[in-house]
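So this first bit is one chain, no partners, the form predicted alone, shown in structure tokens.
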Amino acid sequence: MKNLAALKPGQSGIVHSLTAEGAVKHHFLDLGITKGVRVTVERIAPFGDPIAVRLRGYSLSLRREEAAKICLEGEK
């Protein structure tokens, strides 16, 4: 199973689970990052951090260490 940080621009996956806990997990849920949502990587900053993703019709920037806590069930 891959995590969001492993994807390249243009690749996407469906959220399977979150390994984050506490406030970070609640923050993800508040942002709409929940099981079954398709997340697409739009671009990655020149030094690899942050990562711009698109989900639920809006764009979002995540730190690479945060993106690594989002497990995906498949990529396309």
Partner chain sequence: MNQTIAIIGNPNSGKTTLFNRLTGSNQHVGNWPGVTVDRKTGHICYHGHAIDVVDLPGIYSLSPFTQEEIIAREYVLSEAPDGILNIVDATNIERNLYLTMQLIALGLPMVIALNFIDDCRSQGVEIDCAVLSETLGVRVIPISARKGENLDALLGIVTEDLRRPVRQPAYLHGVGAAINRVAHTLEKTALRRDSLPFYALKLLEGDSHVRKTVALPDAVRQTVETTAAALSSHGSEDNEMILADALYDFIEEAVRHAVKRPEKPVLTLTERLDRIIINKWLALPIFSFLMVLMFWSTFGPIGTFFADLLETMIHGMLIPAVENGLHASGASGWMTGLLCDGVLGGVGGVVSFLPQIIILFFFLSLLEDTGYLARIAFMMDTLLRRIGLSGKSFVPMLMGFGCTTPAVMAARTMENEKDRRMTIMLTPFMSCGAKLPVYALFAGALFPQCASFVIISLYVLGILVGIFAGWLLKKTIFRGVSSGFVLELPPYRLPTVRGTLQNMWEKAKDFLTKAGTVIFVMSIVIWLLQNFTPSLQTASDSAYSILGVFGRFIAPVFAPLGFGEWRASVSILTGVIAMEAVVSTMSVLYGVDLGSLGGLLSSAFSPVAAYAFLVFILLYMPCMSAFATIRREMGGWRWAAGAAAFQTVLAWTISFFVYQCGSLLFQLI
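Numbering follows the first chain given and starts at 1. Here the structure is a predicted model, which means the values were calculated and not measured.
Heads up, the form predicted together with its partner chain isn't pictured, but that's what we're talking about next.
A residue is said to contact a partner when one of its heavy atoms sits within 4.5 Å of a partner heavy atom; residue 14 fails this definition for its partner chain in the predicted bound form, lying far away.
Though the partner is left out of this view, residue 39 does not reach within 4.5 Å of its partner chain in the predicted bound form, counting heavy atoms only. Within 4.5 Å of some heavy atom of its partner chain in the predicted bound form lies at least one heavy atom of residue 18. In the predicted bound form, at least one heavy atom of residue 60 sits within 4.5 Å of its partner chain.
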